[in-house]
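Given as structure tokens, the chain that follows is alone and in the form predicted on its own.
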Amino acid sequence: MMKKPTIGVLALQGAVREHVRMIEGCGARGIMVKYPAELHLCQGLIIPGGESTAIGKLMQAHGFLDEIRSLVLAGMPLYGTCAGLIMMASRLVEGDQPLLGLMDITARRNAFGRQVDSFEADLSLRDVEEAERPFRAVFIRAPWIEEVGRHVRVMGEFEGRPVIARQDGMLVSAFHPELTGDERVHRYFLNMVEELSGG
């Protein structure tokens, strides 16, 4: 792995500390990003879960949308979990909120039901380390990917619906790997950072 990359976690809502802990457990440096200027300290960025409409409005109000778009288009890797997946989507099935619109996917919000319908499931993930070993995924008021563009690689499904996918330097998951002890998805993202930096 490259020399200790710095991975930012957007600190507006969600399991920010848990993502930082996972990143540091994988041997990288994790920082909480509260202001757009801090994005320039990062070699990669994670947008955690939360309430996507509120996150979208906060990102718009604090000037994150344009800054993140320009950095990702310039090559910075980006990973979105749950609400982060929704923020990165180009299209929503329902609702109207600010989006980054970076990834060629259509997202359905709250696809698996409300908070009380949260659940865990064993997934078969492609491309991650030890892919033959099931990944115990935590779904909390989760979206799913309704449609993918032709440059999007689906890496795993639940009940026939894509729940983790990659397009170029962008990764999304409908579930919360930061709430498990399994570092494989975070390690996959760090490998993306290494690949895309030429490290």
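A residue's number is simply how far along the shown sequence it sits, counting from 1. Bear in mind that the values here come from a model prediction, so they are computed numbers and not experimental data.
Omitted here: the form predicted together with glutamine (GLN). The next part is about that form.
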| query | finding |
| --- | --- |
| Stretch in contact, per heavy atom within 4.5 angstroms of glutamine (GLN) in the model of the complex, of 126 to 134, 146 to 154, 45 to 53, 22 to 30 | 45 to 53 |
| is_contact(A89, glutamine (GLN)) in the model of the complex, heavy atom dist at most 4.5 Å | no |
| Glutamine (GLN) contact in the model of the complex: R166, any heavy atom under 4.5 Å | no |
| Distance check, I140 to glutamine (GLN) in the model of the complex, heavy atom within 4.5 Å | yes |
| 4.5 Å heavy atom contact, L78 to glutamine (GLN) in the model of the complex | no |
| Within 73 to 110, the residues that have a heavy atom no more than 4.5 Å from glutamine (GLN) in the model of the complex | C82, A83, I86, R109, N110 |
